[in-house]
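Next up: a single chain in structure tokens, the form predicted alone.
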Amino acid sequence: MATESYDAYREDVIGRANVADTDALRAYYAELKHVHAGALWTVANKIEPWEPKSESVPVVWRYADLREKVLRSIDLVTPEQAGRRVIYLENPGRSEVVAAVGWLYSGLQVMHPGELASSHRHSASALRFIMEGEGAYTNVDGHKMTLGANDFVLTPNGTWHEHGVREDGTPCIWQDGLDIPLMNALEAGFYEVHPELQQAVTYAVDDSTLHWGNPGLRPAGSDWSKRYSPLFKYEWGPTYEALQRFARASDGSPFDGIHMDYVNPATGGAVMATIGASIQMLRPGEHTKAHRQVGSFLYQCCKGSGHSIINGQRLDWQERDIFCVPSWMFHEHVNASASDDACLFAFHDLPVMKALGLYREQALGENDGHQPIVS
């Protein structure tokens, strides 16, 4: 059998269910259903695809469309009433599980000056990326952190955490990212409110950054053994400076430009066991090549503007816009400016995929690595 005909035969027949429907089979299926069972061949093509087929679709959430609606919630509900005053992002293909992409949740949280949400903890791992405002702070297991625009903050699973804004601050908005859908899919979710409603600050303010935020240096004698980073806040200033330094010494990735991972300084691994994060810089006019990965991504533009092509669909973005790349979809990024760089923050589920041995990556091997735009 010729290679071409064999490939077609494999795609059409081998390993695929191809059973014609008959009255006898329909009656048989009804009998199986009655005893809470079923015939695998009736669902095999759906549950065992040749390659990942995400139910998520590429989406861009424009900050200009969302900001006024997010701020309006301040006048409609209090943090006490809502628990968390958040406008969540819904992917049309994942509305049943309230996910922004894959098994990842995202939302925009807003707090008014003087507000303080109650302390709580949960099974889901969480992060925040500060979008605007002054005076925001977070307290994680007694570690209080002051926050500014584009700072990246961890609230790992099982840690007590609360958020607030100083009386002399301004309304603050940040993106929340959690793996709530994954925890629910695993039926492993717990949620608990602190018995005192608020927790005490038991360390010096910003001690996490002072201890662990020094590039290339680790506190002598440290014995951090938890499964998440001891550096709860990754500040924007040093992060952007690191991107610029890296760009002076490297051409970067053909797929992601100047691309760096946020890491646990105690281990060099991902910041949390189920969620990873990265930052990338696209130089003026840069157009990356397309690739696809097993894993779901949520991007936020934190500087500049441009567009991404995801499975042939062009999504334009500018500062504060958020967009998603579903699993195993080809994607490439373009910086629209001829003079300024563009930066994208992303969080993803690659730690899960890699821990389970499921991660794969593939470059687009045609058209010089670029996709035709079909929509």
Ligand code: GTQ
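Predicted model only: the values in this text are computed from it and were never measured. We number the residues from 1 along the sequence you see.
Omitted here: the form predicted in complex with the named molecule. The next part is about that form.
- With the named molecule left out of view, the stretch that reaches within 4.5 Å of it through heavy atoms in the model of the complex is, among 140-148, 101-109, 254-262, 194-202, 101-109.
- In the model of the complex, the named molecule sits beyond 4.5 Å of every heavy atom of H211.
- Mapping the unseen interface onto this chain, R84 counts among the residues with a heavy atom inside 4.5 Å of the named molecule in the model of the complex.
- A residue is said to contact a partner when one of its heavy atoms sits within 4.5 Å of a partner heavy atom; I275 fails this definition for the named molecule in the model of the complex, lying far away.
- Proximity of R94 to the named molecule in the model of the complex falls outside the 4.5 Å heavy atom cutoff.
- Among V271, A136, I180, M281, the residue placing a heavy atom within 4.5 Å of the named molecule in the model of the complex is I180.
- Proximity to the named molecule in the model of the complex, taken as a non-hydrogen atom within 4.5 angstroms, holds for one residue of H122, K233, K303, R292, which is H122.
- Contact annotation for 147-170: residues with any non-hydrogen atom within 4.5 angstroms of the named molecule in the model of the complex are H161, H163, listed in sequence order.
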